[in-house]
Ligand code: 1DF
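Given next, in structure tokens, is a single chain: the form predicted alone.
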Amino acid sequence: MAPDMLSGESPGSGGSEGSPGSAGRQYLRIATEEAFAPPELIATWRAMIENGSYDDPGFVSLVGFYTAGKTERSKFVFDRLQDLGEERLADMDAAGIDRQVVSLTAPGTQVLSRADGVAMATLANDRLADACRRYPDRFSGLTAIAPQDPNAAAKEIERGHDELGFNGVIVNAHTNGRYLDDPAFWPIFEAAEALETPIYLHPSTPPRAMIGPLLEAGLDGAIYGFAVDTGMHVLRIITAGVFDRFPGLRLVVGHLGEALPFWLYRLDYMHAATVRAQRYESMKPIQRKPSEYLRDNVWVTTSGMAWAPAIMFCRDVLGPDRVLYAMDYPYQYAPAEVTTHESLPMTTAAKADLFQHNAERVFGLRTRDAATGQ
């Protein structure tokens, strides 16, 4: 049983009776931040912890918990991360999810050496592509890369797009404390923009230089630390002028934008004030306001944020075409949260955009029509 289903809620409370084409729902439910990990990568992570070869505290905290398998929650997540078949499909059916956009879970390949990271990204992508071929109506994939080798990462983005049929790129936060605003990583942006394929910037635990106070309070993970690090990462990308250099680049961010939509006014005001003050060498003028890049180059998903006021606020300030559904499987497998989304105060057409059409547009998905099945 899933950890979030222990309250006695029915597994089908997400509305599996409203499957595509049946009465009452004429759109697909596409979940867009759904994780997996091949057993080979999990075995590598475990060995790194056991032999002490990678003692980063965030890595040990995150991976150590989920690979130890000592609690019901960690056992469920550990098992489901490695499954790209019947168990995952059964969970999707129970929650009324028609399709998952699947990507390599954090910290991905980004804690490995350059060569090992490139090899593991290739393996993970091949494994995911096999699953997408087996279940073409249920799974779509994002290309995993090893940013520690930017040129190899750019080539893998091309392979994922051209050969494997993937619909975007996954980057799991920082790479050993280095962020994508560093121009050394910009071949990744160049490849993604050229192929018109989005980058999903997924969280991981903050790096060694900032995790201390969060870790000692138990706040280093999804409760807060993920948002702190990822929100900062997005701002670094914006203020470094990445979107000026790559105006066609599309960035997808989970958890309703890691709180950034709620800061739009202050971000614009304080960015302008800081640039005028010439206080920081790193803070140079950019062509537009931070909020404009967030509205034009960034999409947000509802992963882990099944809360109507926040979802409606983000639709209001970013635009209804910028918000799309995600579950955050298997970490937050709570079928009742599907019902929360279905109960949002919006029209059927707006729900169709939230659950299906926005995902199709940003990821370039080709799905069957929910009403006709074609």
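Predicted model, so just to flag it, every value in this text is computed and none were measured. Note that residue numbering follows the sequence shown and begins at 1.
This protein has a second form, the form predicted in complex with this ligand, left out of what is shown; the following refers to that one.
- The single contact residue among 202, 99, 174, 88, judged by any heavy atom lying within 4.5 Å of this ligand in the model of the complex, is 202.
- Put simply, of 197, 125, 105, 148 only one has a heavy atom within 4.5 Å of this ligand in the model of the complex, and it is 105.
- A residue is said to contact a partner when one of its heavy atoms sits within 4.5 Å of a partner heavy atom; residue 226 meets this definition for this ligand in the model of the complex.
- Looking at residue 222, you'd find a heavy atom of it within 4.5 angstroms of this ligand in the model of the complex.
- By the criterion of a heavy atom within 4.5 Å, residue 328 is counted among the residues contacting this ligand in the model of the complex.
- Residue 233 falls outside the set of residues with a heavy atom inside 4.5 Å of this ligand in the model of the complex.
- The chain is drawn here without this ligand; in the model of the complex, the stretch among 343-351, 46-54, 308-316, 66-74 whose residues come within 4.5 Å of it by any heavy atom is 66-74.
- Interface residues of 227-258, taken as those with a heavy atom within 4.5 Å of this ligand in the model of the complex (partner not displayed), are limited to 255.
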